[in-house]
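Okay, so here's just one chain, in structure tokens, the form predicted alone.
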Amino acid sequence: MKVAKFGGSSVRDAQAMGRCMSIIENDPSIKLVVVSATYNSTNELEKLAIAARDRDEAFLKENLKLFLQKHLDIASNLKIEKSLHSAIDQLINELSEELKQISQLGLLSPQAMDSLYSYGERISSWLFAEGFKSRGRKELQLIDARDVITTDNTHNSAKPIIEQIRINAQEKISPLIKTHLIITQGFIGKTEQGATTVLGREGSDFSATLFGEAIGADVVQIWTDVPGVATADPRLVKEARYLSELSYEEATTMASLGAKVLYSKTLEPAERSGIKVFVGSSIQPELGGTYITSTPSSDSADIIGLTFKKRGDESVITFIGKDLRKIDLEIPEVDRGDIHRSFLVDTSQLDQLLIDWHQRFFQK
């Protein structure tokens, strides 16, 4: 049994959503789908929230209209019946009311922001579910993730309550999963008192592994716009190559030290439950991807990853690998662990150093 998570770039428009639906149709072992907000929607919601707090009525009116139209266009292109579009109008009306409350108070609390964030995923998942139905998929159920992902009340970065999530999944998902494809949202949860929370920016991957753990999945797929985890950021290092396998420790270290493909907390539930995590491209699924398991990378190179974090004028570049003893650099080393070594560099030199060090230290 598999859980498939599709990120914002994978559901950015109707065509992208259609590719995701094809992936699901071609793999009947996918039983639960976690959907992110459409591309850039979370950022757009933040801007709306700030405008409401600052009582910028002109910005609010124009950009709320654009936010609505973007999603109505997707609905039309997915061939969702126009009579159903009122569901999006209703969600936008609820969003508008919450923005008015913020504007009246002149205050944007973390709790209010979490509630606003939820609209991105709620609208996107509705579009995905109804679009799939329009393709003839009948045995499908849209479930509100907040009814399953129970968290503490740390707004903007909530901590999941694992045992309660398991109980909720048994109640809400287990009775349906044998006969229905379950569609739900990433990123969002709810406190035991009923307040909406989020798991942190980019937390939809974390949602997917939490769902996977709760329903006893064998594999959690993370579908994005790149075919796996690379040795370095392929946008900056053209020679970067994609890894076929990583261990939980290797992947978590890469994520926590700057790799953008995975959210750093994603692998905690997977490692606890022994779930394989697959990272691949929804744009080109035929390219395969990276499997993350308990087994260390089979890559023959000693160094398997090169990550970075920008910190103003100075940045940190980190090497991840099995044997880092051969790294001999005449610059400050700021951190090291069992499988990583980090060095402080001038941010103005960051891009070139990534290229140079990848060429110098990585086996081709």
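Here the structure is a predicted model, which is why all the values come from computation and not from measurement. Numbers for residues come from their place in the sequence shown, where the first is 1.
Here the subject shifts to the form predicted together with a small molecule, a form of this protein not shown in this document.
For the chain seen here without its partner, which of 67-75, 166-174, 125-133, 199-207 has a heavy atom within 4.5 Å of the small molecule in the model of the complex?
Heavy atoms within 4.5 Å of the small molecule in the model of the complex occur in 199-207.
Check each of Ala52, Ile320, Ala37, Val33 and return the one that places a heavy atom within 4.5 angstroms of the small molecule in the model of the complex.
Selected option: Ala37.
Can you work out whether Ser315 and the small molecule are in contact in the model of the complex, taking contact to mean some heavy atom pair no more than 4.5 Å apart?
Answer no; every heavy atom of Ser315 is more than 4.5 Å from the small molecule in the model of the complex.
Could you confirm whether Glu121 comes within 4.5 Å of the small molecule in the model of the complex, counting heavy atoms only?
Glu121: yes, in contact with the small molecule in the model of the complex.
Phe211: heavy atom within 4.5 Å of the small molecule in the model of the complex?
No, Phe211 sits far enough from the small molecule in the model of the complex that none of its heavy atoms falls within 4.5 Å.
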